[in-house]
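Okay, so here's just one chain, in structure tokens, the form predicted alone.
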Amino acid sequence: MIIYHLSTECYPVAKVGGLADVVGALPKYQNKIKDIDAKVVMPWYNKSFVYDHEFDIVFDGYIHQGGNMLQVQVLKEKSDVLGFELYMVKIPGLLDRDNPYGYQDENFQFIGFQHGVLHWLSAMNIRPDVLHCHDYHTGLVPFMIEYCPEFSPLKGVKTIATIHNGEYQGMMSWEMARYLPSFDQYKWGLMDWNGLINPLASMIKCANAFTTVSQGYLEELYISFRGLESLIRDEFGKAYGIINGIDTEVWNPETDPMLDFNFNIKNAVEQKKKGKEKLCREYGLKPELPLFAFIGRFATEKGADLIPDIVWKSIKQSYGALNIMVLGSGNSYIENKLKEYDYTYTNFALDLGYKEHLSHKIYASADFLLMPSRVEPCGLNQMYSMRYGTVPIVRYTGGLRDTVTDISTGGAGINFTYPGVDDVIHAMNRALMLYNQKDVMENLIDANMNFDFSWEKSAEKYIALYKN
């Protein structure tokens, strides 16, 4: 079975969020299953990965976008270093940029990517068994292969769509239709939602099946889906919730090259302490105090707008009996407020930006990880922290409720219900009580490291869905 994963992100090539981690791992683990050949197709980016590895040009052609003729090149990484064939689509001036997102002409980018991929496959008579489309950036593919004459060689190819984050739907005005490849005008309604082209809605309508990245998130979308609630309820018969996994070859505390002190379950307490002491020294924190950490984008959906008040309020109420460390970037107001607190409080440390090496060290060194998410389709951070023996403190929502069970009901994490400052601090106070019980903390480290969040089970579930 030949599967092509279509995505705008793939770790370690280009990463903005969890989408990259999934696309960088799932096909690798699928390829360990007999008779499966999974590949990844993504846009070309001006990233170090493309200069550190050799590529072959396997296709060179042209597409029309509106009145413009665009060159399309497809480059294949030579050595399959990621555990799967990696193809990158390059369109000069459109798909040759530094980052996946943040440009005013994103709609043109994503239309160009989808058009370029399908033009290449059609022109070369490549007919996969499955096209697996990830998020709205590839959401028009299921429509295009059925209703665009240019892609008739692909008509009937099965499509699976995965919703990683339903908050982003890629809506655009119908004026953009002239930049799409020619399509059957009678089928326009399959792209429409409330008078706009909505790629995510089209993906749900046209894909043979669609998944969310956890069962809990799927259930939440039936109730709250930014206007698509009725659509997903109508299409419930082809909806599946499959929890993400983590790449346990990359996220392995015993072999992780990004850690200063590697460890396994047997020596985790001792080695984590060493890592924490070094990290605290580097950031001017007190290693004898419990270390709480937040890692992620400064976005309201992640609850990052709560972090500034959590910082000052928890330090004040505990009389300085804890450390807090934050790694991330995003909303400028949140950044500036945290910069102010970094200057004010000796118990608080801030590092702005995306730093993969530092995130590994924090997961391994912190005592507790904070995830006050308003929306969390799956969440990978809690899995990383548990893999590294750090206790997750999470809001009971989406994938977090599927993966973290509260200690009061036999689990190894701490849950809270409402995404508010006081609820988070109450959960932190529970954590402070645990921290002072050495035996309990050691048992929690052991319990969290014993959870299995590897991709094997989820990869099998996707293969079963493809076959079905």
Ligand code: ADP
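None of the values given here were measured: they were computed from a predicted structure. Heads up: residue numbers just count along the shown sequence, starting at 1.
Although it is not shown, the form predicted in complex with this ligand is what the next lines describe.
- Of the candidate stretches 282-290, 359-367, 88-96, 120-128, only 359-367 contains residues with a heavy atom within 4.5 Å of this ligand in the model of the complex.
- This chain is drawn without this ligand; in the model of the complex, the residue among 297, 278, 158, 233 with a heavy atom within 4.5 Å of it is 297.
- In summary, among the residues 162, 198, 381, 390, the only one with a non-hydrogen atom within 4.5 Å of this ligand in the model of the complex is 381.
- Using a 4.5 Å cutoff between non-hydrogen atoms, residue 12 does not count as a contact of this ligand in the model of the complex.
- Contact check for residue 74: every heavy atom lies farther than 4.5 Å from this ligand in the model of the complex.
- Taking the partner from elsewhere, residue 19 is found to have a heavy atom lying within 4.5 Å of this ligand in the model of the complex.
- This ligand is not drawn, but in the model of the complex it has a heavy atom within 4.5 Å of residue 353.
- Residues are counted as partner-facing when one of their heavy atoms sits within 4.5 Å of this ligand in the model of the complex; in 308-328 these are 327, 328, in sequence order.
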